[in-house]
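Take a look at this one chain, the form predicted alone, written out in structure tokens.
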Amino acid sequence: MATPQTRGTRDVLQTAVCESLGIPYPIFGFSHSMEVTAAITNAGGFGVYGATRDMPDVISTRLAEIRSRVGDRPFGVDLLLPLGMADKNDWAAAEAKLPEAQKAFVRHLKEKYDVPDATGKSFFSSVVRSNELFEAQADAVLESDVDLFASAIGTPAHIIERAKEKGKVTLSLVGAPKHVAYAKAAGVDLIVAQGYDAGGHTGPIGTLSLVPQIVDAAGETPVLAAGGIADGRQVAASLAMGAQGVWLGTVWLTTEEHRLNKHILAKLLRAGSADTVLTRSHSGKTCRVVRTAWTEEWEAEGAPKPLKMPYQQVLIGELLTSVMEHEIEPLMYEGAGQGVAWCNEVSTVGQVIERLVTETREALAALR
């Protein structure tokens, strides 16, 4: 594991955020994997577990498991909390609103790729993103001893307030300068400026253009840079733009700890930045994923438009669950940012952090 420079002189990587959170490196790592989250924290970064696909009881169990692996080192949890969703987690009611054209297209994909029925349910085939779900997920997070609560796509002020009352650091991911006002009004402690380059749900502004605008708009609120960052030169650039750290997701997908499905792993290892695409076919909101037959089918001439969140997930939930269970390789995909170009070999989380720290120091030294 890489270690910080001797404290004889102030370490340039020890930003104010590092000092306030008690972490060696300004590297925040988002992952849906407990193992990866714990490994990031134990290697000197700040692991953030993505719990948006977990039911409340599962969230409680998994956060306790991560805590057992990291001891008193700080880590966080991220929830997707979009506005404008239905109040109730009612699958039948949501399913009744699906248009016939979209349902027929999903049946066509199932037949074309000879996808067997799923033998069980998953989050995607049984749960509707709803205010009822979000509140229950937030309750589980706030009753845990997790150190940081991150909110993506939405920043509900009442949940942020409750998190602060529990003594948790609060963070909001934003994709446009106008979103900063909402985050600051909610009272968040940290803002992530997530650029167009990012994997998963992301907005229309490139990282290099977005970060300095968010830094300026955020004022005294510290900012982390996100979107396509997978190399130390990009970390150095983020610090130069005024960010106090970086938020990375894609770079952890090809680590040993993640144990990603072999078919998806192979796609990521050979992918370049141009092999990712923004699509609404995953959730109904713009989401960057690795390009596969799934995205190509939804982009094809004559294909219907994806539905708005949460209905797109209800539409594709059963098919997506079947695709993953039976490993229908052409249709398998994963959220991935343009930083996937640096994900061309399998390594450990510790090796990734060590590489990033070394590369960042070299980039900064070269400037001097």
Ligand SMILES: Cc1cc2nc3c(=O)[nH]c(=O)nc-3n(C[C@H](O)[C@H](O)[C@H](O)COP(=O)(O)O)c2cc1C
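What you see is a predicted model; the values in this text were computed from it and never measured. The numbering used is simple: start at 1 and walk along the sequence shown.
One more form of this protein should be noted, the form predicted together with the named molecule, which is absent from this view; the next part is about it.
Only one listed stretch (141 to 149, 240 to 248, 211 to 219, 89 to 97) carries heavy atoms within 4.5 Å of the named molecule in the model of the complex, and that stretch is 240 to 248. Contact check for Glu318: every heavy atom lies farther than 4.5 Å from the named molecule in the model of the complex. In the model of the complex, the named molecule stays beyond 4.5 Å of every heavy atom belonging to Ala236. Put simply, Ala336 is close to the named molecule in the model of the complex: some heavy atom of it is within 4.5 Å. Contact check for Gly228: a heavy atom falls within 4.5 Å of the named molecule in the model of the complex. This chain lacks the partner; the member of Pro156, Gly284, Gly203, Gly200 within 4.5 angstroms of the named molecule in the model of the complex by a non-hydrogen atom is Gly200. Screening Val180, Val169, Leu80, Ile160 for any heavy atom within 4.5 Å of the named molecule in the model of the complex leaves a single hit, Leu80.
Taking the named molecule as it sits in the model of the complex, the stretch 165 to 186 comes within 4.5 angstroms of it through a non-hydrogen atom at just one residue, Leu173.
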